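Before any questions on binding or motion, here is one chain by itself as structure tokens, the form predicted on its own.
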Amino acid sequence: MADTVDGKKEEADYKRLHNFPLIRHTDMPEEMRVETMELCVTACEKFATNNESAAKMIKESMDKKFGSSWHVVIGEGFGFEITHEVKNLLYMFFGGSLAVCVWKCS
């Protein structure tokens, strides 16, 4: 029983320490990168327990702001191989282990 409590405390401490966005890879222009990163952080904080709703919010906002055909994947422990338009990819981590991949494909 004590192990479960200690494990949850350690996980909470880990998430608190890593509560900043960490960009793993991007080829977006600076202004688009900053806007997309802030949008991802906002969506992940607003829908902390629902990755599907966070992804939908990001996709709809990106479609309005930068044109259609944006795709978003949010989760933990996934791999991917995608084809995307040049200067339209952002792959980042938030809250420690939550990965967010945003890309445009026409």
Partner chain sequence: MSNLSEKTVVLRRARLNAATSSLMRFSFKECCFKPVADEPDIEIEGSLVHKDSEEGQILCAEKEVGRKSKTLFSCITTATQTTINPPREVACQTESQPLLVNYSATANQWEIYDFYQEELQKRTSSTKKDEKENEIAEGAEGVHGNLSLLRDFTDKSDHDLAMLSTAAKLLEYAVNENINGDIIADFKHFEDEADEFRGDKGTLLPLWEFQYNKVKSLPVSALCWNKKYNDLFAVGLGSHKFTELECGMLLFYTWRNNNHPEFLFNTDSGVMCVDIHEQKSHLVAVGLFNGNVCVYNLMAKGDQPIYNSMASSGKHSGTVWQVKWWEDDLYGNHTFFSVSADGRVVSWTLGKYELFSTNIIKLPPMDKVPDDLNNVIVTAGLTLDFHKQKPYHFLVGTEAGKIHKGSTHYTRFIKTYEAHFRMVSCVRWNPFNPKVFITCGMDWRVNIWDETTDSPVFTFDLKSSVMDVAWAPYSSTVFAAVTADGKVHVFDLSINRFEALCQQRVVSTKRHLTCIEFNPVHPIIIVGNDRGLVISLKLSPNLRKNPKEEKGKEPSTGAEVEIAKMEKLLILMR
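Everything quoted here is computed from the prediction, not taken from an experiment. Numbering follows the first chain given and starts at 1.
Keep in mind that the form predicted together with the partner chain is not shown, yet the notes after this line are about it.
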Taking any heavy atom pair closer than or equal to 4.5 Å as contact, tell me whether Glu76 reaches the partner chain in the model of the complex.
yes
Even though the partner isn't displayed, in the model of the complex is Glu30 close enough to the partner chain, meaning a heavy atom within 4.5 Å?
no
Restricting to 69-105, the residues within 4.5 Å of the partner chain in the model of the complex through any heavy atom are Glu76, Gly77, Phe78, Gly79, Phe80, Glu81, Ile82, Thr83, His84, Glu85, Val86, Leu89, Tyr91, Phe93, Phe94, Gly95, Gly96, Ser97, Leu98, Ala99, Cys105
